[in-house]
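One chain follows as structure tokens, the form predicted alone.
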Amino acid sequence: MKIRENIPISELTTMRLGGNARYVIEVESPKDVAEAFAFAEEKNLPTFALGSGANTIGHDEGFNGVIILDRIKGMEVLDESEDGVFVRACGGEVWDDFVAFCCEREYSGIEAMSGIPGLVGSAPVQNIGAYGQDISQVIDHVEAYDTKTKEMVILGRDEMKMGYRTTIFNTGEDAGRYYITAITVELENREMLKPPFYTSLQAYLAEQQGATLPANHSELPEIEDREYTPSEIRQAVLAVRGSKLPDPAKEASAGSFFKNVYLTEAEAEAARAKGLKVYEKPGSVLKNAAGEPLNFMVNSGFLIQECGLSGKTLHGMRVNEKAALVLINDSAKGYEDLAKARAEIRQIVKEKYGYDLEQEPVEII
């Protein structure tokens, strides 16, 4: 366990904002995790669990507490049969390395989540997902340190209450209670995938096969009607992401900054009447305040783009030209600049479409 003092949060997060953290502790085992929380308790300081900092925003005043960095390593195949396979990864592993580990063995279930920045331990916290897959579809259980009972526990899929970017780990009375040290996923063993795929993914495959893309970009282009391996899908996803999304190592950003907008069936009809593309998400666990299911979605990036904000720089924060859901810190002087840019974008979208955009990255406070 490594303890450091007065470390700039801007050096720990990919948006590169934030003052100093009082303490930063790197943990390399579940035993270290328990000791790190005991250290914070002894000093009567709050804690914040951090992976690679890819979905996290720091504040200018810093954090008078203990940031615990997950550096626990290890990946292994636990059980393999013709029906499926269980694969375990420790929280400090890079998420994309884990996806590569599984795709190299042609295990299917997380290949569309290739290239998502961050560590394995952070993946279940907000139920990461991309191109039609999310971790709730494959997660079997997580191993975690329970800060309330001060012991290691195992939480199954149902206990995590996974919705769209929400789980018990980041929402509700138990938010922040568990520190995930490892996850186990259940994948398909050498299961081949057949089209149709997510629109942008299928468009890329069509281009690679020399097909002509339809004039209406919301329509799915024709591709070879055959089985595609997880490795093929992974390489396509990486190419699509690389063509649209900035590399956090080169351009300061926190990935997708706003969550997509989820709607009831009636709201979806109203959105279609406005000429918006609406995606159906059957089986969504999300509900509104009245308890109505939110089984439809509008892409927030599209709304921002249609408001003419793509490529615009607001208070030093640039709306990414190719993926308007991403904000890039070109020259923001601090958190206040980010807050002003966020407020302007939300107001413009609200005035044009009537939707309240919700921020996706968490904040260290």
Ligand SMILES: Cc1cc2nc3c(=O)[nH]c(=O)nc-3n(C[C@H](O)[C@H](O)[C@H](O)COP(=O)(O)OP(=O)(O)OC[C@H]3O[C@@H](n4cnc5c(N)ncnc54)[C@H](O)[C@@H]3O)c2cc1C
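If you're wondering where the values come from, they're calculated on a predicted model, not measured in any experiment. From 1 onward, residues are counted along the sequence shown.
Unshown form predicted together with the ligand; subsequent notes refer to it.
Legend entry - Residue among A324, A36, M317, A49 with a heavy atom within 4.5 Å of the ligand in the predicted bound form: Partner contact (heavy atom, 4.5 Å) among the options: A49.
Legend entry - The single option of L119, L201, C102, I139 touching the ligand in the predicted bound form, heavy atom within 4.5 Å: Answer to the contact question: L119.
Inset, instruction - Examine A54 and determine whether its closest non-hydrogen atom to the ligand in the predicted bound form is within 4.5 angstroms. - result: Contact with the ligand, yes.
Inset, instruction - Using a 4.5 Å heavy atom cut-off, state whether G109 contacts the ligand in the predicted bound form. - result: Flag for G109 set to no.
Legend entry - Heavy atom of V261 within 4.5 Å of the ligand in the predicted bound form: No, V261 sits far enough from the ligand in the predicted bound form that none of its heavy atoms falls within 4.5 Å.
Inset, instruction - May I ask you to state whether T167 is within 4.5 Å of the ligand in the predicted bound form, using heavy atom distances? - result: No, no contact at 4.5 Å.
Inset, instruction - Please determine, with the chain shown alone, which of 266-274, 227-235, 73-81, 247-255 has non-hydrogen atoms within 4.5 Å of the ligand in the predicted bound form. - result: Result for this chain: 247-255.
Legend entry - Contact at T14, R241 and V362 by the ligand in the predicted bound form, all three, heavy atom at most 4.5 Å: So, yes: the whole triplet contacts the ligand.
Inset, instruction - Could you list which residues of 321-337 come within 4.5 Å of the ligand in the predicted bound form, counting heavy atoms only? - result: The stretch does not touch the partner at all.
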